[in-house]
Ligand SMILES: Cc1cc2nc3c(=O)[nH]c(=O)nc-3n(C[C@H](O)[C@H](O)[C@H](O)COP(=O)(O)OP(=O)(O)OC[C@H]3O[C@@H](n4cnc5c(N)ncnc54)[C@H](O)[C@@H]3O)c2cc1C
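Single chain ahead, by itself, as structure tokens, in the form predicted alone.
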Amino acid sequence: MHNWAGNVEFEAARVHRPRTVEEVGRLVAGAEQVKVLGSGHSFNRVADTRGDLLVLDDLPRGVEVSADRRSVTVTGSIRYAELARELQARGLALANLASLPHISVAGSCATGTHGSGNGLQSLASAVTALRLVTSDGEPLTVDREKDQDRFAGSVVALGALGAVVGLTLAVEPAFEVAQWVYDDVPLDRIAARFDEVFGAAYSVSAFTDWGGDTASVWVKRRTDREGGAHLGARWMDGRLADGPRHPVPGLCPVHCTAQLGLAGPWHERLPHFRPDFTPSVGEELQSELLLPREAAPAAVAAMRGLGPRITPLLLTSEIRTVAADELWLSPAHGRDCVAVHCTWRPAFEAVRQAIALIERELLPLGARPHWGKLFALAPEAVGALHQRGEDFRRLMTELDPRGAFRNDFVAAAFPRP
């Protein structure tokens, strides 16, 4: 088995596809080492194990809306595209989605995955309760209100506390979004007026390959809050695109969500890619660093300086914003962030060197890597970037005293004292 991108071959001795939560419990209790694999969209070994790998796709699908219609409880096997369709049919929505709707809810939350928006937190921030199967094979519910001493460490948890078999997420009434793209927005303008650019809509992303002086800016406006009009034919010295665009220049935009201001349901506009097509370009590598929002101009300047060395390896690079949260291992813990994401050509060794160059420039600005993507920094150094790392170590010992879910990735990031 391998991950979605094909760059990681899993080392598991056995792969299981349990059909019930009770079967998950028996498998976990009987395994010396065990991990759960979601949709396989991580680019490193965060979900790998030499022991037993559990794939939860065969668990019964469940989507249960609360009586007050403010939350939904789902099984650990569900993916965002599937959940979004179910919510839309009930007149409900999640506040935020990532670029790809194909990813699993549990896996995305476990690694701190996010979308873009000055007021939008990571996807994990929607979680209000988790149902885990811990290493003794028994179920455990961790609730935001009832378990305040451990909840903030249990959501973005790298699969290190147990098998997530259920989640409860906050929802809101369904809404519509209209999306436009602005071509050739100068990077100088983005850096100088960063707050204005990324505050122009509910969700904003800027794409560039750092080889030139401009970016393509994707603007996604909530019609119930910001209206259904674009920002003008000219905006930030860029121009309104005259046709659909793909984040990777030159690729056919048929895979992308509708643009040109055509309003549509939240789940058909907030992602960049449609769920009925293979996302992005398939064979690729990804890295991402999240920095304090105030470091955005310096980060843009640093990436532009690296352009001649990294552009030949890049398919595209995306600038996004993420609001602060209180989740211990979230890269956005305690601070509003700017995220610098890179989608690379599948040339691992050259890409690894390029990532090291970027980290050399951005880590001094306060960057933290995305847990599910590639980074050159030593894993223990990544763990040390998180102020609540010691609390997380204690929580692992409490919930998984025998270390069943502690794979090589987690052990390297959070070594035992």
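When you see a residue number, it is the position in the sequence shown, counting from 1. No experiment lies behind these values; they were computed from the predicted model shown.
Heads up, the form predicted together with the ligand isn't pictured, but that's what we're talking about next.
Non-hydrogen atom contact P369 with the ligand in the predicted complex at 4.5 angstroms: Close contact is absent here: in the predicted complex, P369 is far from the ligand, nothing within 4.5 Å, heavy atoms only.
Contact label in the predicted complex: E268 to the ligand, heavy atom within 4.5 Å: So E268 does not count as contacting the ligand.
V46 within 4.5 Å of the ligand in the predicted complex, heavy atoms: Flag for V46 set to yes.
The ligand contact at A98 in the predicted complex, heavy atom, 4.5 Å: Although the ligand is absent here, A98 would touch it in the predicted complex, with heavy atoms inside 4.5 Å.
Interface residue in the predicted complex among S104, S135, T208, Q259, criterion: non-hydrogen atom within 4.5 angstroms of the ligand: Only one listed residue qualifies here, and that residue is S104.
Sole residue of L374, A31, L362, L56 within 4.5 Å of the ligand in the predicted complex, by heavy atom: That would be L56.
Partner-facing stretch of 37-45, 377-385, 349-357, 66-74, counted where any non-hydrogen atom is within 4.5 angstroms of the ligand in the predicted complex: Of the options given, it is 37-45.
Heavy atom contacts to the ligand in the predicted complex at 4.5 Å, residues of 152-189 in sequence order: Contacting residues: L158, G159, G162, A163, V164.
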